[in-house]
Each structure stands twice: as structure tokens, then as C-alpha cells.
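First, one chain by itself in C-alpha cells, the form predicted alone.
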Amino acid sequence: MSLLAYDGGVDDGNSSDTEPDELIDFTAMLMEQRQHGDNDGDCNDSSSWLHGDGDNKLQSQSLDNQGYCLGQYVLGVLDFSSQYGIDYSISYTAANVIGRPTKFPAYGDYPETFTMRTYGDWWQCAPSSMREIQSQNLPTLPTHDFIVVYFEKFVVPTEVAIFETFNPGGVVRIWAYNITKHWTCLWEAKSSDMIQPRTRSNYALRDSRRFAPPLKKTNVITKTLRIDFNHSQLNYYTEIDAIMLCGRTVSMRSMQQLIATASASASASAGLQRLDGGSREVTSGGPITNKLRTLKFQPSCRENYAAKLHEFINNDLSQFLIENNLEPGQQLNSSVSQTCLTDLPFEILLKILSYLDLKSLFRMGQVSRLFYDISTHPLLYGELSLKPYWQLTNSKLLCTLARRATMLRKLDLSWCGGFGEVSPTEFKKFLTQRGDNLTHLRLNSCKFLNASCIETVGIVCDNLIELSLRNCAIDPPLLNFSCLANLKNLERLDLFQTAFESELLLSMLEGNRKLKHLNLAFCGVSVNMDNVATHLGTYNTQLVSLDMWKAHFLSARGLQSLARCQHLEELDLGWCLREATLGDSLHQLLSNCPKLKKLFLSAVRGITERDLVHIATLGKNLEQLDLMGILNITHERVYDILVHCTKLQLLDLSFCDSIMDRDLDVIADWSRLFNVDIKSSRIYNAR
């Protein structure tokens, strides 16, 4: 379900057809505990983990006008940025957070949980990594992934509990979408809150976690949450079993009154005011105006009023204030020149403001006319990233930025426009005005995109060298990408988890001979990867990185075609090679692509011991190697790879059944000896 399919309206009080265990009435529970628990002073609830520690337990409250205490689990998923599984499978998908926990409090890797695509900072170190557009906008702990979920009942939140069953510690922010259609941050992590990664010599016992951070005191009414994740400190993939929203219910009358009040006070510049940091106190004048008012200063200049007042302020105002004792003790020292910020050359001020984030630029424009002119200069808007301000971005903000960004070259609208905040019409208008010079365009998880928007991109933005459409069209009907065939200068194309027509992709590959980075992960069953590989080996031999994670129909024939891309530095073939044997195709690939730094072969069942020998002897430049789920690997082959691949930093051996438990301590020693981060699905003994 897309964000636009969710109306966000108030609850009509009717019961939806949900599972009976998705709502928990804490009122009855508390009353029962009060009756039976006062005598023994002890809580005998066998599932006390559900309520957390004593500080997080819900307290009994008056139920007259403030409703009752309610705990509820996720009813549905509205949006997410990535998932490890595929949509037509139940393993590791976002839908697994729906309902009660199924594995908690057990700790371990479970397919029935929600798992995201990345962990640690390994993807940022890979050749395919992208520099953030307008990086000064990013918070201290940037968001790498997110999930948006909704519940059955509106409540005033008192607690949000996230059940983490594998490698906990990635949650950095919790947001609530209230009934006035605004996002409120309920909790934000600090750098000190993040769980530090375990060192290679410290594999301590790990436990699941019921994470319920203290929420900000608020009266927002919500049934929709967004959870933000940062993976940089994670040792491996994190897994989420369930999400629970606890709060106090609100009467229908209270919600209707709040909605009516919010609608009456809404202004046309609401989005800009939020970006400016909220409403500002309105005063009747500045300090100079107030001082002159005390003297009843009312100059009478019937002719040339502006020039004479300007002359007075520049030449006589300081002496005038001193003579009238408005600044006691201050002596006029004409021999000492005083330089203020506004005396600096325009170019210097422009350079200083170029380091400001977008929100600070808007605030700076309210200081004075001079700073407004500088803060709206087109050179400051050559790069625009609204991704960190996804919760503030709307159509009106796009209109304002269109007036300023007359020299726009790089634009990132990823994650923006949910719940109808950005209309397709305004987006097309913005592109029509400012898209002809764009070289970089990122529209990841933009649910407002439709066929007409994509057509505008293909027609207007013909200078693009980077186009990112991650997670944009995963359900039929597919977006009409035919106009994208007009793009002829692409060097990076990212279609991660986006469904498209196979013929269009082949046409784009043929028309973009300079393509260097291509992401086709989760692209759907309609694309034959052998045909794609053949086109890449014919038309795109300058390719540097290729991601085919969980793509389909790639065989040894396609692998031989990829061997013609001799500049490859990164190749992800995880879960897409299902043949029983690969023949000499992997040897040919490794021989022809000596620059390979990252090679992911997760669950490639056709890997033989001979292939592992080829990896050891030919992978001299390998830095990241994923052999997760390889059946034939032994600790002897692991040692050969560690000895010969001297640049190796990451080696994933999770779920390699041929590696016995008795080998784990030896591999842990090798991890320290060769300074390689070796991943395993089992826990090494602490040494």
C-alpha cells in the first residue's frame, strides 16, 4: 500500500477486521492487577516483558474524559525504504512487523522478522557509494532506512516499544503523524545512545531487546509512526519482530475539535514557517526604532525623504543617541574604525553562507534586507537536498525554491511528498522551470510519482548523468518509463526495488554507453538478467559497479558476458545465480576483472571448491567478499582466501554449513591475525 492510499482520517469508531490480539486493553489489565496485586504486591503476569521495566510500566489513570490506556500492535505497513526479502515472500520483509511478536524474547536470525538491506558502513566504503547532495543538511545521526506503520486506534502516545531480535541498536528517531497532518518527533537518539560495534576480539553474548525510549511529552493524537534507522554502528543485519504503540485513547469529539482548530489556523505558508523553525514573535520595531520612539523622533522631510533619512542614519545617528543619553558611558571614538559582518564583500558573505544548511538559510533571510538578498542568491541553491526535511517538504516549498534555484544542478527529493504533501502537478511544474540543467536527480521512495512525472523527467532533464528511482514502483500497474529512453548521458542508474519493463531497460543500456554504476536489485521477475548481462558486455564496458541482488534468470552465460566489463570494481550477485554449477564462468570473470574490490556471492549454490581457489588466487584487490550460505566452503579454503587476498577487510561466512562449530575459534583467531572482519551466524567464544 502506498502512502497516498492512506487517507489519514479520523477513526470512525467502527471495528476493522483485524486479528483480536492486535489491541490490548490495559484498563482491564490494570484493574485486575489492582484487585489481585495489592495483597501480594507482586505482578504475576507471565508476559511481563511486554510491559518493559518498572520505569516503562503503564500507570492507572482516570478514564472519565481522557480515555483509557491502550496498547496496540502494527495493523499495516505504509512505506519503507528497503527490505532484505522480496515482496512475494514472507522472509525478512517489512510486512513481518504486523501483529504481535512471533520470536521475541528469543535472540537470533529469523526469516519471520523485518530486515533491511545494509549494515555497518561497508556500503559507504564500496565503489558504488554516492556523495550526499548538500551534505550540510544532514543531522549528526543521519537516517539510512525507515519504515512507516499504522495502527487501528488513535491515541496520545505514552510509549513506543520496538522488539529487536537480532543485532539491536539501529533505531535513531521515532516520528508520529498526527491528525492535523504534521509529523512530530517523539524521540531522537544522541551519539552516546548508539550501541558501539563489537571488536573482532569481543564477541560477547547478545540478547534481544525491547526498546522503549522515553518519549517527549506531547499531546499529539496519532495512529501512524515512522521509525528511522542508522546502521553505521551495527555489526550485522538488525531484525525487528514487532512494534507496539501505547497511549491514551481520545474521544471522537476531541479529535474533531482539534481538526477544526488546525484547519482554521492553517496558512498558505505553513511549510515555509516550519522550515524557518516555527513562528516568530512579531514586534513593533527594532532597538533603534524603539530608542527613537522614546524621543518622539519624527523627522519632517517633505521632499527627498528617503535620501535625507539615509544621510542622517549614516552620519548623525550615533552622535544623536549619545547626546540624548540613550547609551550612557559610550564615547564616540572616530579614530577607531569598527568593522561588522555586513562590511565584508558580497563574495565573502556568499561563501560563508554556502556552509549553512537549508533551514539556516531561510532563517538568515529574516535578519535584514542584505542577508535576504544574499541568502536567496541562486549560487546557494545549485545543490538542493530536501531528503533530511522530508517531514516539512510540500508543494508550496517547491514553489519557493523554484524562484531561488535558477542555477540548480543537483536535486534530491528522496522520501518527500508522502500523504499528498507534494502533488505531481507541482513537481512537474518545478522540473519544467528548473530541470533543464539538472545533472543529478534522486527520487527514492517518492510515492507522488506517476507516469506523467516520469515523462517530464525524460523530456526535460536530458542532461542527467545520475538518476535514482529506488523503491518507486513495486506494484502493478508499472510506471511508464518509456520517455527515459531519451536520456543519453547517464553514468549512474539506480532502479533498486523498482519494477520496469525489460525492453525499456535494454534500450536505455544501449543508449548510455558511458554508464558506470547500475543497480537492478529486486527489479522483479519480468527482467531476464542474461539478456541484461549480454547488453552490458556489448554496450556498457565502462561499468564500475553492478548490483543484481535477488534478480532473476542469471546463468553462467550471463556471467561470461559480464566478464567483458573489465573495469568492474563491485559486483553483487547475491541470490540471483541458482544454477547447480557455474562452469568456468566465475574463473573467466575474475581473470578479466582484476580491479574487483567488492564481490557478493550470497547463496550462490553453484560455487565449487575450485571456484573458491580461483577467488583466492585471482582476487588480489578484493576488500569485501560475501560467501554467505556457500555450501562447499571449508576452513582450509577460508585460510587460503585470507592469505592471498591481502587487502580483504570484510568476509561473510554466515550460514556456511560446512564450517563446523569446532572451527569457529580458529576462524576468530584468523580474524585478529589478518585484521579481517569475519561474519558468522554463530557466536564466537570470547577469548
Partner chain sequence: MHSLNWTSRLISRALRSSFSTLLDATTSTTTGATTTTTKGAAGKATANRSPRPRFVSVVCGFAKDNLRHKYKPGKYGEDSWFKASTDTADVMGVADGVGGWRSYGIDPGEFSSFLMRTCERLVRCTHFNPQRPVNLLAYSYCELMEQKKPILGSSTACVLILNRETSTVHTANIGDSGFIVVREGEIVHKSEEQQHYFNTPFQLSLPPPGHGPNVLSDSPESADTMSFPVQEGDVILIATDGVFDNVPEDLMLQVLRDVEGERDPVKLQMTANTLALMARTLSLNSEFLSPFALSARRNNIQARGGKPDDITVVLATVAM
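Only a predicted model underlies this, so the values are computations on that prediction, with no experimental measurement involved. Residue numbers count along the first chain shown, from 1.
Omitted from view is the form predicted in complex with its partner chain, to which the following refers.
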{"item": "Its partner chain: the contacting residue among 183, 150, 539, 122 in the predicted complex [heavy atom, 4.5 Å]", "value": "150"}
{"item": "One residue of 364, 451, 95, 399 in contact with its partner chain, assessed in the predicted complex (non-hydrogen atom, 4.5 angstroms)", "value": "95"}
{"item": "Segment assignment from 355-363, 584-592, 106-114, 173-181: heavy atom within 4.5 Å of its partner chain in the predicted complex", "value": "106-114"}
{"item": "Non-hydrogen atom contact residue 389 with its partner chain in the predicted complex at 4.5 angstroms", "value": "no"}
{"item": "Any non-hydrogen atom of residue 643 within 4.5 angstroms of its partner chain in the predicted complex", "value": "no"}
{"item": "Its partner chain contact at residue 513 in the predicted complex, heavy atom, 4.5 Å", "value": "no"}
{"item": "Interface membership of residue 90, its partner chain in the predicted complex, 4.5 Å heavy atom rule", "value": "yes"}
{"item": "Stretch 619-652 - residues with a heavy atom within 4.5 Å of its partner chain in the predicted complex", "value": "628, 629, 631"}
